[in-house]
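A lone chain, given as structure tokens: the form predicted on its own.
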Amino acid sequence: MKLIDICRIRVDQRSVDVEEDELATTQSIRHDVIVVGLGAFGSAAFWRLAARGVDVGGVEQFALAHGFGSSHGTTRLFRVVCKEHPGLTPIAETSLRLWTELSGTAGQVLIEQTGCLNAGPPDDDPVMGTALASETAGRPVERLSHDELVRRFPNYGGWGADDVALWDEAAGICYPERIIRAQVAAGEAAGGSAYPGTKILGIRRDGDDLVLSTSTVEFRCSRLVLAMGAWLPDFSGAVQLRVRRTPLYWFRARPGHEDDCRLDRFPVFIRKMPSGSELWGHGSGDQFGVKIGLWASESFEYTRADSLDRSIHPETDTRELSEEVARAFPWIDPTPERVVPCMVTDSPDGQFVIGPSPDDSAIVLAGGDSAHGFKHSGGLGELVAQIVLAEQLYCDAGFLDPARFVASPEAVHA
């Protein structure tokens, strides 16, 4: 039974409008598994569970592919060789395989492989971390000397004297809103039921059932996946997660350099600047501008999802990035043409939180994107499905297990 059969949802106001006589009895909907949150991780888990024939429901508090959380912004970087952890490579490869297959079903491009430039000093994270991941995962990358780097990428400036780079040809961009819609559609086509515009107010146990309350209905299930993005800290129990405000930025090429700043000439990059700042981004396409961001900034304050400041403050939100863009990319106007709010959910160690909750083994946590999550979300959805169904995992996921924080109480945020 679809939620639309029970009530009329006003998603834009995050409220529910029901007939008076419908309030007399609480409606109950049951699935074997319920996924809460249909963003990056949740929509993938919903799809992969439904593809296995599981009776699964997916509950989302907003409309599908909304812009209020962490899974919007038209594009996301996609990398196979990941500086954050060598164990992420098989997860990214699984995302690539699943999304390539899903592209055919959805009838639209979900991912493009354009390559990624990982540049900076040889002993700093973009280069050293990528080199370690490449060696550990057995995925070769091309090494560029300083002279080769300067010659091949004339649309960059401000290089440090010792800067070098690694080129990962399998990297590129993916399209988050398209992917989320396609994953939910594929899940529904496989028999899953999606309930957008439905906010979970509480979770409790009733014998063997987990009961999820809303303002109009209750959901019941035997197993639960919490993939609530920036709202997960309110439900993650022993696992400490923090939400960080991180705006997204788009820029214009300077007049006469429009073609030089398109994606085919200005591909995905991660770059450590001489100042110590770390930039990421990619060139423009037919439907998006040049996208550049800071990996971290003192202006990106910690907050709660429901308290996020959604205003844009030019001085604090853009000054640091604009100064770095002016130094790094002489062919780009350093004043952003567009800025939108976004959030990142940080785990204590910067790795995802994927696995059974320390508080209840029937609940699987899927969150802690830590600013590098979307590219892995397809593969993480497959992992979540395997964890829920106690299948053999396709890769080592121990470094993602929420139990690591319980076993190591010192691994908490300062």
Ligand SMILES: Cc1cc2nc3c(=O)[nH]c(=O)nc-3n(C[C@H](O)[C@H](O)[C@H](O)COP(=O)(O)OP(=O)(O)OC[C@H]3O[C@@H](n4cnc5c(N)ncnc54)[C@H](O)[C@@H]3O)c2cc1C
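The structure displayed is predicted, hence computed values, not measured ones. Start at 1 and count along the sequence shown; that's the residue number.
A second form of this protein, the form predicted together with this ligand, is not displayed here; the remarks below concern that form.
Novice: Select from the listed residues Val239, Val344, Val290, Ala328 the one whose heavy atoms reach within 4.5 Å of this ligand in the predicted complex.
Specialist: By the 4.5 Å criterion, the partner-contacting residue is Val344.
Novice: Only one of Trp231, Phe219, Tyr175, Phe251 gets a heavy atom within 4.5 Å of this ligand in the predicted complex. Which one?
Specialist: Of Trp231, Phe219, Tyr175, Phe251, the residue with a heavy atom within 4.5 Å of this ligand in the predicted complex is Trp231.
Novice: Quick one: does Ala371 come within 4.5 Å of this ligand in the predicted complex, counting heavy atoms only?
Specialist: Answer yes; at least one heavy atom of Ala371 falls within 4.5 Å of this ligand in the predicted complex.
Novice: Classify Lys375 as contacting or not contacting this ligand in the predicted complex by the rule of any non-hydrogen atom within 4.5 angstroms, answering yes or no.
Specialist: Because a heavy atom of Lys375 falls inside 4.5 Å of this ligand in the predicted complex, the answer is yes.
Novice: Hey, in the predicted complex, is Val81 touching this ligand, heavy atoms inside 4.5 Å?
Specialist: No.
Novice: Residue-level contact is defined here as any heavy atom of the residue lying within 4.5 Å of this ligand in the predicted complex; does Arg265 satisfy this criterion?
Specialist: No.
Novice: Spot the stretch among 45-53, 357-365, 384-392, 58-66 with residues whose non-hydrogen atoms come within 4.5 Å of this ligand in the predicted complex.
Specialist: Looking at the other structure, the answer is 58-66.
Novice: For the stretch 149-177, return the residues whose heavy atoms include at least one within 4.5 Å of this ligand in the predicted complex, in the order they occur.
Specialist: Not one residue comes within 4.5 Å of the partner.
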